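Starting off, we have a lone chain in the form predicted alone, written out as structure tokens.
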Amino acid sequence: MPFFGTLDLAVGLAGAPVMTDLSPKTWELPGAEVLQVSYEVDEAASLAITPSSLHPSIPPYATFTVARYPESPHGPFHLASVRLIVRAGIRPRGLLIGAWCDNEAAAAALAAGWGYKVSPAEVSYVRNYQAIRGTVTIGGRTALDIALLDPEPVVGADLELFDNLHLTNVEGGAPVIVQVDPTYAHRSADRGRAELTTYEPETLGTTGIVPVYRVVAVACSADIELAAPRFVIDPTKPAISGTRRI
């Protein structure tokens, strides 16, 4: 028998955004830079934050991501996120646990059109020959500090960045899990040793993510297209039967 998540849906939806536009205009995000660090996480804690429509990955793991977008419809911005990797049916996806952005207009649009659970923060992305590092600072305190150490070039198609799943409320409708699937035209890509220097889950509101073992870090430069969501999942039904196109 497969495992399903055990999240109390009322608790999960309490801090979720309200989507007001299910057909947002596509965002073209040229020259984006993305850093993603993966860690295995505690199984019991991760099950408790996974909706019952989804399966945990085996072993359970999470991604910590910091991205820099030099161009967007709302100007340049940085976006960081913490995701739990899950399965919707048999397909791996990244369940968004929390996100942070340094551009208020961009954050509001991402929440309204794509269901991002996003909070304000100072976010930075810095690259040199030894490392690629990303940080999230809240109230003057660094709450997340991740890095890819000793980057080595790889083929962009080898990266596993995964589509997002966002548990969200919908204005005038029932809550859903929205699938967000950006497309990447890679310019370059790297892989290296993962480092999670600072992680304060209480500050970030991600206490269900408990890192155990490092896995890998990847990074890329890419032209990203963020189109309108195409699929939603009923959070009360297994994804294999509760997914529909919008």
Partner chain sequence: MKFGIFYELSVPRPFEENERKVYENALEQVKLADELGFDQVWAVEHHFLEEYSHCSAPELFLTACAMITKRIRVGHGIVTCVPQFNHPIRIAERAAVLDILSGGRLEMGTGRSATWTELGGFQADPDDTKKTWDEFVHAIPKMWTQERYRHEGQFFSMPSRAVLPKPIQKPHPPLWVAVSTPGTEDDAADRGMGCLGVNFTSFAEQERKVKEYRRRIQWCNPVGAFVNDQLNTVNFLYCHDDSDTGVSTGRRMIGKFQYMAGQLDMAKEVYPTRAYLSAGLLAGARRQAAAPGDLKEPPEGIAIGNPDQIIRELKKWEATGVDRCSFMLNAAEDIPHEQVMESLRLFATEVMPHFSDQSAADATRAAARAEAATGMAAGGGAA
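None of the values given here were measured: they were computed from a predicted structure. Numbering follows the first chain given and starts at 1.
Omitted here: the form predicted in complex with the partner chain. The next part is about that form.
Colleague: Out of E104, D150, E160, E171, which one falls within 4.5 Å of the partner chain in the model of the complex, going by heavy atoms?
Modeller: The residue from E104, D150, E160, E171 that makes the contact is E160.
Colleague: Going by heavy atoms within 4.5 Å, which of 87-95, 104-112, 72-80, 121-129 lines up against the partner chain in the model of the complex?
Modeller: Of the options given, it is 87-95.
Colleague: Check V218 for me: does it contact the partner chain in the model of the complex (non-hydrogen atoms, 4.5 angstroms)?
Modeller: Heavy-atom contact with the partner chain at 4.5 Å: present for V218.
Colleague: Answer with yes or no whether A44 is in contact with the partner chain in the model of the complex, where contact means some heavy atom within 4.5 Å.
Modeller: A44: no, not in contact with the partner chain in the model of the complex.
Colleague: With heavy atoms only and a cut-off of 4.5 Å, decide whether R68 touches the partner chain in the model of the complex.
Modeller: Judged by the heavy-atom cut-off of 4.5 Å, R68 is well away from the partner chain in the model of the complex.
Colleague: Please run the contact check for R191 against the partner chain in the model of the complex: heavy atoms, 4.5 angstroms, yes or no?
Modeller: Judged by the heavy-atom cut-off of 4.5 Å, R191 is in contact with the partner chain in the model of the complex.
Colleague: At 4.5 angstroms, heavy atoms only, are W27, A228 and F231 all close to the partner chain in the model of the complex?
Modeller: Verified in the model of the complex; spot residues all out of contact, no.
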